[in-house]
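Before any questions on how it binds or moves, here is one chain, the form predicted on its own, in structure tokens.
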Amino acid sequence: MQLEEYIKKTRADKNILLMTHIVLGYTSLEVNREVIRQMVENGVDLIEMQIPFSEPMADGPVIVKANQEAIETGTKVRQCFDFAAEMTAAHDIPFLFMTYYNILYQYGVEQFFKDSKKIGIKGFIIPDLPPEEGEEFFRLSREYGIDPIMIYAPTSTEERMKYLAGYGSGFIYCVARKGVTGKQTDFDKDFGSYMKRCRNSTTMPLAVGFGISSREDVETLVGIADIAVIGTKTIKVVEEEGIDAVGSFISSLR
């Protein structure tokens, strides 16, 4: 089942879906394994696994630190693939890879697609690859049936949004505000008009991320978005309260 079909089918029974984000190798793959288990058992619908990169430009300080520490402790791309294969086999929800284009380039772009397809990865989120520079990437997305998730920003015009949607599939990732991940988001009237532009530009489901950290945030998105994305907050929960707190945090979100 492709991502868009899965999202629409799952949304029929829920007022909003939850997608979480983890950095592979932080604090270890063993920790990742337990965190994912608790996420899935407490109702997460999709998970994006970030392959660590030395310069994660779209990410805020918490996720940047997680990337750097994962690299410093020796997390390799090959290990990320092996771990992802274990997760897709163990849990019956879609998993996506999020990373930066240099990782694909160094690995070999087609090999990256081939190996991802083999282990059941459903989509890629590559924040630093605009369509104008991604001809090979988008061709391979179609060839291997892995959804390229396009990203909208509050600064995107409706014309640009429609252009981006023409390259994407699965769902659209709507960045809730300008800047990087992790800061609190203010859901004001500007956010409302931004989300209307997002809706007008595509028939694909909409995910909203950047600064989503509480049940109140998730409830605010009901009726506006199809998916709420929680990233930085989960890392903070693990750091401040320990791995065992992840499940109760996830279950508190709705």
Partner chain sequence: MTKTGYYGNWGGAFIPEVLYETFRELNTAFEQAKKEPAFWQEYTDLMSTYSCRPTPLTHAENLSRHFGGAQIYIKREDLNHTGAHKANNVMGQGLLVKRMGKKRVIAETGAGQHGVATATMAAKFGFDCTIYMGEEDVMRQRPNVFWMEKLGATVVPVTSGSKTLKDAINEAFRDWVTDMDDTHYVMGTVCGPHPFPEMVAWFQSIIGMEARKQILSQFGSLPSRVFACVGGGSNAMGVFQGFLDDADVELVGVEAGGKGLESGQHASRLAGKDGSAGVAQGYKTMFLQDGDGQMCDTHSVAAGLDYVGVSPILTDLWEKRRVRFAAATDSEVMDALELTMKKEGIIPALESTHAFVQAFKEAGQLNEKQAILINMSGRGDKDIFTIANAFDDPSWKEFIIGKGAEYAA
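Keep in mind it's a predicted model, so treat the numbers as computed, not measured. Numbering follows the first chain given and starts at 1.
Although it is not shown, the form predicted together with the partner chain is what the next lines describe.
At a distance threshold of 4.5 angstroms between non-hydrogen atoms, S193 is out of contact with the partner chain in the predicted bound form. The partner chain in the predicted bound form comes within 4.5 Å of a heavy atom belonging to Y101. Among residues of the shown chain, S54 is one whose heavy atoms approach the partner chain to within 4.5 Å in the predicted bound form.
Not displayed here, the partner chain is approached by Q68 to within 4.5 Å at the level of heavy atoms in the predicted bound form. Contact with the partner chain in the predicted bound form holds for all three of D59, I151 and R160, each having a heavy atom within 4.5 Å.
Residue heavy atoms within 4.5 Å of the partner chain in the predicted bound form occur in exactly one stretch of 140-148, 115-123, 70-78, 85-93, and that stretch is 70-78. Only one of V40, V218, L206, V64 lies close to the partner chain in the predicted bound form, with a heavy atom inside 4.5 Å, and it is V64.
In the predicted bound form, the partner chain lies within 4.5 angstroms of at least one heavy atom of each of the following residues of 109-147: P127, D128, L129, P130, E132, E133, in sequence order.
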